[in-house]
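Next comes just one chain, in structure tokens: the form predicted on its own.
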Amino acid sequence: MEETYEIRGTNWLDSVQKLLASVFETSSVTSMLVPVRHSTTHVLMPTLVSDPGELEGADPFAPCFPLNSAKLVSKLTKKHSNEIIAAVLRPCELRALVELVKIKQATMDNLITISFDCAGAYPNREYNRTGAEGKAAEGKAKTLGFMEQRLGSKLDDDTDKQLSTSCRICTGPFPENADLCITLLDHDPGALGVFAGTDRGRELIMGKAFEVKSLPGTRADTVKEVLQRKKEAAKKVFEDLAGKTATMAGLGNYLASCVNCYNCRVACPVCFCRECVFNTDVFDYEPFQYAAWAKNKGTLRMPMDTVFFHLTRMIHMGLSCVGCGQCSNACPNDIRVAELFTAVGKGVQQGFGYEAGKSMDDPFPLSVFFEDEFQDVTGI
């Protein structure tokens, strides 16, 4: 069991701000990517902070998840820099980052990762309706109320119907392999624990002026209980989804509201192609072709190629899907694409015996070959 350091503040946000400030003080970190409330609009967005004094607005626990920050970490680390950066990431963001590192879109070389027990988030539209973005005090109160309710229920999703479906079915809400892992479950209100998930984290945490305290003895049981509930919820969602999308006609109906805005592709943290084929002239048809197809069938659904677009995306990112749900967040017509992509991703990953983002030591399936794999398919 890792040594855990307990940090106590006046509340959870005060505690985490103390921790993040200490990372600046006792390491060579020059900047930190963390969700911060904007000083004038109080909108919560990932922010690159170089002045520890600006951490007063840091709020990583808010039920607000405007984008998956793995894409931002990719921008900060893909090319060599001597700057040491820390990034505070939800577990699904950390998993996405691991996938990006494996496909050479990011690097961990000069990066310190910090993750935490994730209580989930609301869909962006739902969070914005709460008015928590109007004033700093209201946003902070919203976060603390959310944390009190979620941790008090031991992350029982049935007690908060506003949570996004992706968070309800997420089977990885706890930090794994982050340099610094923040534990929230089964601690006293306002307190949090920190333990090192890597050798780099152990070096970083040594000598910090925090009280050393063993992890709560009930934590392992609580984690097991939470994961079991989420697995059962995921099973129900996927079974319902399979009933709706098992045929091409059903899939077409499920995606009927798609307008080819490609927002889901833009929001996806593991979509990285420099140029998407759907933005090229491959799908730029001539006017006479549309007319001919319409005459041939009697009707022609416009825009075209919506189902083909989503099928292509499933092929491209299925092995790396971490189930963060940002594709649904970005959809203007509220298509539940996250459930579809997560279900397909889980199935594809299971076929390869792979779990996206779980470990840097697991090679990306399409980058390695095993002589005895898929014998039922190859017949060898």
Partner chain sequence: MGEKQGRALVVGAGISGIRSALDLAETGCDVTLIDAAPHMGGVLSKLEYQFPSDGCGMCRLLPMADRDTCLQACLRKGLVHGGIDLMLSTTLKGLEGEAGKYRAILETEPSIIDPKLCTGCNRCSEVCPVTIPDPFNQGLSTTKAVHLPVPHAIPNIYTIDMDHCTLCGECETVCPFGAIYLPGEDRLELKIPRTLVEMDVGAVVLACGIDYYDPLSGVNTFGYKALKDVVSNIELERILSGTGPFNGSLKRPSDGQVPSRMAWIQCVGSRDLEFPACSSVCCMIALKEAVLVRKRSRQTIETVIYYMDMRCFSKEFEAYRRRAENEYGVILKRARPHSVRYDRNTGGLSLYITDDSGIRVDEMFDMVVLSLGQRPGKSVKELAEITGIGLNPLGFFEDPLSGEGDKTGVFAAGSASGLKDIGESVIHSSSASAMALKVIHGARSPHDEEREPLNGFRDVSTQVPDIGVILCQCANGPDIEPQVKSMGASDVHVSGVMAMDRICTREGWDGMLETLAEKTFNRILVLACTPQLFLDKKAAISKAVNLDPAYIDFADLGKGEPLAATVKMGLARIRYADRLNSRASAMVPTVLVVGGGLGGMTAALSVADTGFEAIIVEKESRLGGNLVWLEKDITGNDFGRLLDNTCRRVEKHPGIRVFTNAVVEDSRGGPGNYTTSLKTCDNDSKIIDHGAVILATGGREAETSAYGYGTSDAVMTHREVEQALKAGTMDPVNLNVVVMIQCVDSRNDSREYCSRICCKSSLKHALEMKRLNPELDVYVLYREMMSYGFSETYFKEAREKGVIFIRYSQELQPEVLSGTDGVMVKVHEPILDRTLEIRSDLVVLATGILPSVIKPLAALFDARVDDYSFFKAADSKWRPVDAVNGGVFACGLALGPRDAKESVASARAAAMGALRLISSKSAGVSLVTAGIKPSLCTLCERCIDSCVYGARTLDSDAGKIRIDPVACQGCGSCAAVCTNSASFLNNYLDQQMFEIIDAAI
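All of these numbers come straight from a predicted model, not from anything done at the bench. Under this definition, the rigid core comprises the largest set of C-alpha atoms superposing within 1.5 Å between the forms. Positions refer to the first chain, counted from 1.
One more form of this protein exists, namely the form predicted in complex with its partner chain; it is left out here, but the text below deals with it.
The candidate stretches are 274 to 282, 181 to 189, 144 to 152, 226 to 234, and the one lying within 4.5 Å of its partner chain in the predicted complex by heavy atoms is 274 to 282. For the chain shown alone, Glu286 is a contact residue for its partner chain in the predicted complex, at least one non-hydrogen atom being within 4.5 angstroms. Although the partner is absent here, Phe364 is a contact residue: one of its heavy atoms lies within 4.5 angstroms of its partner chain in the predicted complex. At the 4.5 Å threshold, heavy atoms of His316 reach its partner chain in the predicted complex. Using a 4.5 Å cutoff between non-hydrogen atoms, Asn128 does not count as a contact of its partner chain in the predicted complex. Against its partner chain in the predicted complex, the set Gln105, Trp293 and Phe308 is in full contact: each member has a heavy atom within 4.5 Å. A heavy atom within 4.5 Å of its partner chain in the predicted complex is found for one listed residue only; from Lys140, Arg200, Lys78, Arg168, this is Lys78. Once the cores line up, the CA of Leu300 ends up 2 angstroms or more apart between this form and the one not shown.
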